[in-house]
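For reference, the chain that follows is the form predicted alone, supplied as structure tokens.
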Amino acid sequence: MNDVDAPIKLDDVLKRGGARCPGAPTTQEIIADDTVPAPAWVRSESYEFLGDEDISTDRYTDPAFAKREFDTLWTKTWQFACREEHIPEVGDYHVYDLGRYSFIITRVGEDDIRAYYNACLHRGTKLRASGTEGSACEFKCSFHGWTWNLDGTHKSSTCDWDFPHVDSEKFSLPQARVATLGGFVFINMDPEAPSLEDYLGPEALSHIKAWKLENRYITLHVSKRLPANWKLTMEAFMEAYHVIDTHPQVAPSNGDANSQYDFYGDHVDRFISTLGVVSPHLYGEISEQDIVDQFTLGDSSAMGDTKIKLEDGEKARGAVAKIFRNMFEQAANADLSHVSDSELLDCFSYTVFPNTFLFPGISLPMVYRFRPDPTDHRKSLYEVFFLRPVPREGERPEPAEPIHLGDDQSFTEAEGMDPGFGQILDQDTDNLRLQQEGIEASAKKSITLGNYQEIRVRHFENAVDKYVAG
């Protein structure tokens, strides 16, 4: 018998990423039982085995590796810089910083958004300070008064008689590329990079377009510096494998160990983690009523101090979906009758390489953004944006102003932050501090990954390697 004709052994399948949580329904089986069916983008699967070799930890500790990332990765990838709602009118601008790079994102016309390198072409002074936004009809340097028009063309130089060698027509502000999608403004420093659409790929692009995120607005924006390399902080949010030990308080209603993991091309991956079902780690310990009680009892629950009693044979997931539908319709003044149970309940996490997470669900409507700390490669800058549906009536609300937490502050101190979710982020922060310190101290100079539950980490680091290798 030829090798190609040999039967495939079950052990080989399991070793090559085929193993799933024993005795537990799959994510797709859970979703298939929902009352309001899920759309196609939810019901898709896209996983393949990517190997099981260890990954070297020098990428988290070596300053030379961090420098190569800035020289290769950050200058060639599409990054979320701001939302269109940050610059709704012509002349509005928003400053986006990335390490030593800085950009003025501005609306030049109704459908014309540009990203100028934030530096005067005279002696290099920033034209707008980091962390600022506003409205302008020109960009004037505070040092010597050199000025550029909104469209980036050179307007004037102080004492221009002393600069006969400066050709004003060739002295426009350099630009990065700009693309918009779902209300997000993306930039790319590489003029030869693929378009944003090609970068994402057709399947991931179809998912993002289906969410209609342009019809949401920022209700809360919190930032904080985290005590770990930016890649470690990214990877901490790529799997539900850590839930049972890091966030045991949510395990009674989170299908952590049977979450679904997928990836699409080089730049997008996701997981779907079901809510309203018990963790497989707690089978036999938690009843359907216990699951509902977690959502409907207590001051920090989703519904406040309310008691919902399940009928005989009724599943918690269906009851919680009804509760959430009513609650979110009232809170957002929006019609959610067309939204599936899965979109209302479940945690959908999509990574857009290199540094953005999109959570398009209704119960966890978030965006994460991670950036390297420009002063310390062992730390990173983290932001969470909460996006809610635009109300059916009235004008689009203004985006929330960012809340900047100190290194030692709890996420629960951010005004408007749900205390339970703030606690979850604090637990993750504690882990990240220990992980960065542990990697520095370890005799084992590599990390070992699971074939399925940690596939997003491997997929992410494969992309990092492709860029850093040039």
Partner chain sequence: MTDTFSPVLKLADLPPGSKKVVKLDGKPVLLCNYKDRIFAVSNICSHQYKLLHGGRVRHGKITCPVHGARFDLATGEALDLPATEPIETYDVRVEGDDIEVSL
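Numbering follows the first chain given and starts at 1. Because the structure is a prediction, the values reported are computed rather than measured.
Not on display, but discussed next: the form predicted together with its partner chain.
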Exercise for the section: Using a 4.5 Å heavy atom cut-off, state whether residue 252 contacts its partner chain in the model of the complex. Expected result: no
Handout entry: 4.5 Å heavy atom contact, residue 93 and its partner chain in the model of the complex
Key = yes
Problem - Contact test in the model of the complex: residue 132 vs its partner chain, heavy atoms, 4.5 Å - result: yes
Practice task
Give a yes/no on whether residue 248 approaches its partner chain to within 4.5 Å in the model of the complex, heavy atoms considered.
Solution key: no
Problem - Listed range touching its partner chain, judged in the model of the complex by heavy atoms within 4.5 Å, from 426 to 434, 400 to 408, 30 to 38, 50 to 58 - result: 400 to 408
Handout entry: Residue among 138, 290, 314, 190 with a heavy atom within 4.5 Å of its partner chain in the model of the complex
Key = 138
Fill in the blank from the handout: The listed residue (326, 158, 142, 149) that reaches within 4.5 Å of its partner chain in the model of the complex by any heavy atom is 142
